[in-house]
Each structure stands twice: as C-alpha cells, then as structure tokens.
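As structure tokens, one chain now follows by itself in the form predicted on its own.
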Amino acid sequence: MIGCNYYRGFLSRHSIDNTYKLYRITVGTGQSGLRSHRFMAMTSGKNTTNYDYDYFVVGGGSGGVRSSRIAAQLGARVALAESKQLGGTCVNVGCVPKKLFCYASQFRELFHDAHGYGWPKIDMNYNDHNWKKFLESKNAEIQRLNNAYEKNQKDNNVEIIKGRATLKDSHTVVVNNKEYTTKHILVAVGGCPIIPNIEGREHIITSDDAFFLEKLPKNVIIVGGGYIATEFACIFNGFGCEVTLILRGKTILSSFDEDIRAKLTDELKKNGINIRYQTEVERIEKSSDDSFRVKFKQDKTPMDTNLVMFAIGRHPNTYNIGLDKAGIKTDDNGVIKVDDYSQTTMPNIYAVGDCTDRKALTPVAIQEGHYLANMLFGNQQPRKVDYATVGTTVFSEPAIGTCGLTEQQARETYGVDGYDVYESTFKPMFVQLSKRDRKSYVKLIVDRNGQQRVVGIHLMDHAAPEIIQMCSVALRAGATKDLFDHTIGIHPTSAEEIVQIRTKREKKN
C-alpha cells in the first residue's frame, strides 16, 4: 500500500533517571526509521521523591479534574489548584449552561408548532418568558454540578487548593503565597473570550456574561461567525429577540464544510436572523440606560441595540502564571507548545485542553488528561488522542453535526477526482404537520480509491448532535460506503438517510 506506514512501539526504562523511552519503529514504502521520545514515569503508589506531591494540577476544568482524579486513583499524591468553581468553562460558562439555554429557547417554537398536532395555538414573544426564574433554575443546576465535582475529587483523595496558582520553577507551584513542590505538573488553565480593543469596549459582553444577564434584551447584535456566535444567535432568536449577526468575513463557520454552512445559513435567515457580511465594528456608544449605538467601519449607517455581544475567538489563560520561569515555551498567542503526548518543553510539565493548540473541546481535554494520568502513574504505554475522527456539533437551530474531512480537506488530501460526495436534502417528518419551512441535510464524503472509506460525515437536523456521535465511531473504525449501503436503516428517522444515499453528486465547477 503506497504511502501507508505501520507503527510499532515499545518502552525501555532508562536506569539513571527512572524515565521511559518510547521507541517507535516506522515501516513503510520507501522509508523506515527509529524515533524515540522520553517520558517521565513512576510506579503506581510509590513515592521515590521528597516532593510534597507527585502530581500538581493547575486548573480545575474538565481536563484537569479528570487527570487529577485518575492519577489519585492510581496511587499518586495529587493536588489541584483552582481559583473559581470546579468544572471550568464547560460546566460554568460553556457547554452545560449553553445547552440549557438552547433547550429554553426552543419551547417558543414548539408551542407554536404544536397547533399542527391538535393542541391550542400558542404564539409567544420574549415578554412572555420568565427570565429570572429560568436563571435561578440554571444556577441551581450549575451549583449542583460544582458540588458533585468537588465531592468526587475529595472522595478520590485529590487535595483541592482554592486560589490562583503560578509556577515558581519547574517543580514549585505557588498558591496564596504558599509554595508546593511536586514531581509532575499539569497546566490545564483553559481559555477565555477575546475582547477587541475598540472604543466603547466596556459596553461589550461575551459568552461568559450572557449566562448572567439581568434581563432578556429585545434587540441583540452578535459579532462573530464561529460556533459560539452562531449558537447564541439562535438562542436569542429562539427567545424572540431581534438578532443581527455581524461577520467580518463572507460566511459563518468558516472552518466547517462549505455545504453544511450554506444550508445552515439559509435556515438562520428563514428563522429571522439578520446577517451582515464583511462588516467590522468601529465603536460602541451608550445611548440610554438600555440602548447602545454601534458604528461600523464599512457602513456609515449605525445600528441601535440593547445588547452587544462579541464572540470572535478565545485565547489561553496562560499569561502571568510563570510559564517562562518553569521553562515552558508558548507561541505569540500564549498557546503552550506540546508534543503528541501533552508534554511541554519541560520534561516533567504537561498541558492539556484549551491552553494548547489542538481541539478546544471538553471531551478532547478529558481524554488528553486521562491518557496522561495513565501514562505517568498507571505504567501504561503512551497513547495519542485521535483528533482526526473527533465528532463535533453546533447547537444551532437546526443543529449541525460533523466528523472527519470537509470537502475542501478531501480535495486537498485526495485531489479533485479522488473523492465522491453523496448528499440528500429533505424535510424532516417533525415539521410536516406544523407546515414549518425547515430542511435537513446529510452529506457523506467517500475516498474514491481503495475500499471507498467514508472519510467525512456532515449533518443538519434537530437530532444531528445525537446522530453524529455514532458516526464518529464508524469513521474511526474505517467504515466503507458499502457497509453504510448494506446497513438497514431505522424508519422513520432522519438518521436513516445516512445509510440510504446511493446517488453520487455531480462534481462542482
């Protein structure tokens, strides 16, 4: 098989410093080699140092919590430092509250569509929603999760140190002016939203702030075209707010498949979301107690709104935490440089999650942290995270799910004639009786050569987040188009479309 490599690895103990070397033998057409990488490792449950801890985790987000717990279960003496609530972005100002906001925003449409199923017609606007009650319920659920995280850590003998941690050197962490020594350090400090340096920036909110608004705004301007901006545009729109999405570029979700983002854009517009392209905010002025005027660089016509939210990206929380003192290298944006096994430029210090430049997703950080703890304290061979087959979703309305290569990536990987596309656009059964103008979409990208493996799956449907999870398993297992074709679908579902597409799409010009 031309261009294919096979990897075999083995560990060899280095007798001087009790480290392991991972030797990887690469065997392939036209090349072979022996590559090595050294990892710090220790025997489970044994203390061979005079350090206060075997493992000190800086950051109590998803990656840090999982790694510290697994390490403690394997017998290591573990401390975790966090200045805020445990759970990080995901639990407190990310995945969890966002999903609750998505649920809450969808009921208005459901009430309206229920009329087609024989229920009384109920049309609501944003004034009908009890925002205060919803936030109280949301906050109670987040607090429940915070308590559960803390209890779980303590039950597994992880010492929680409340406070902001900084690194004094490669083996010393300082929290609340107290020094702690440790053999290994994990930096899992996550990231935070970027706020632009423009006039009136004090009037801007970010996704962190959106979960704690005192009241629901009538008009909202959201600046950004990524998944956070797109999701919040759908959330506020679902609550009945008037939403304008401001894009610097020509499309939403620029890193996603070209067809899936075009299909979703059509649905957003049908939902009533206004999208302005190639537009940049110049400044923001406060007009009254609950109104702001937004002025743009390209367009001299300003817009008035009750809320201005920026969702233009995130940067790692790595500034002023002593990384340079510990010998850890970062790039110009503060991203920690790591290898395939989360090791930084300092051999005993590791980093996982959003402070590294991999996939900024909670389940990815969790797996990175889990693999790392197993390697360091479970005597397990180092294991890479498979980033290529990570499924992801955008909780828009309708939602999208994606896994594997986009068509652009397939074009770059296999060439214009090296792949096939199978696609289907259809009206989901759920909206037939309500007569809502809603479309679903399925797209499969298939490697034309060899066994015709399915290398990309892209969905748009209210159930896309649930469907794409098992699609990622299929892609990771190397499933072929033939396997999809001969799998019997479940009827009636949107998911069955995945195994029923037979006709290849003609090549685009």
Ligand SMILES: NC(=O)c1ccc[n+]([C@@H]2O[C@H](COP(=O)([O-])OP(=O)(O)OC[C@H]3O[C@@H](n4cnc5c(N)ncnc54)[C@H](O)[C@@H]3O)[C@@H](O)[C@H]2O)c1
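These numbers were taken from a predicted model, which means no experiment stands behind them. The first residue of the shown sequence is 1; numbering continues from there.
Below, we refer to the form predicted together with the named molecule, which is not included among the displayed structures.
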Give a yes/no on whether Thr393 approaches the named molecule to within 4.5 Å in the predicted bound form, heavy atoms considered. yes
Would you classify Ile284 as touching the named molecule in the predicted bound form, given a 4.5 Å non-hydrogen atom cut-off? no
Using 4.5 Å between non-hydrogen atoms, is Lys98 touching the named molecule in the predicted bound form? yes
Would you classify Gly225 as touching the named molecule in the predicted bound form, given a 4.5 Å non-hydrogen atom cut-off? yes
Contact at Glu231, Arg248 and Leu361 by the named molecule in the predicted bound form, all three, heavy atom at most 4.5 Å: yes
Single option in Arg276, Arg314, Lys295, Lys329 placed near the named molecule in the predicted bound form, where near means a heavy atom within 4.5 Å: Arg314
Hey, of 262-270, 130-138, 393-401, 408-416, which bit sits against the named molecule in the predicted bound form at 4.5 Å between non-hydrogen atoms? 393-401
